[in-house]
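Take a look at this single chain in structure tokens; it is the form predicted alone.
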């Protein structure tokens, strides 16, 4: 009886996640995924399913990173609303490694490529982005309640502006803008909403 192939699932998912992140879903062939993870085709299909299922597992892996960023910032009750929002952008964009910053965002990159995805793939990516927006909305409601959101700006609109900023700075980071330039864009956006 053959022994099951042993591998570090977290390492495999992280390597595959970075492949999808760097080159996108379409360009990440099964062979590229095998090369970057060091597993064979049989292990891929037996352990992770087809490419779509593997991608969804990689999005889940990415969501764990996003969850940590949200926990350290937006869900940090020691921080006031705007400090938490700024901290989230620092966690998600400014304080990440240069390697990850230069790749942009797996979710944003995938959303831009999602015209080629099936409906389920779009749902996976959109649900991940919705979780970030939901965390921002909670802190924006707090800011509004304390009179710290500019008059005439709704929580929903402010959340859209912040998500637009997040998408934009991640595309700009992929385009080569440095952390100082990105930070200036983020702070300008936050200041436009803050009272």
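Positions refer to the first chain, counted from 1. Remember, it's a predicted structure, so these values are computed and weren't measured experimentally.
Missing here is the form predicted in complex with a further copy of the same chain; even so, the following discussion is about that form.
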In the predicted bound form, does every one of 8, 60 and 70 come within 4.5 Å of a further copy of the same chain, counting any heavy atom?
no
Can you say which of 45 to 53, 61 to 69, 138 to 146, 162 to 170 gets within 4.5 Å of a further copy of the same chain in the predicted bound form, counting heavy atoms only?
162 to 170
Determine whether any heavy atom of residue 74 comes within 4.5 Å of a heavy atom of a further copy of the same chain in the predicted bound form, and answer yes or no.
no
Is there a heavy atom of residue 108 no more than 4.5 Å from a heavy atom of a further copy of the same chain in the predicted bound form?
yes
Might residue 153 be said to contact a further copy of the same chain in the predicted bound form, defining contact as any heavy atom within 4.5 Å?
yes
Would residue 26 show up as a contact with a further copy of the same chain in the predicted bound form if we use heavy atoms at 4.5 Å?
yes
So which bits of 168 to 195 sit within 4.5 Å of a further copy of the same chain in the predicted bound form, heavy atoms only?
168, 169, 171, 172, 174, 175, 176, 177, 184, 185, 188, 192, 193
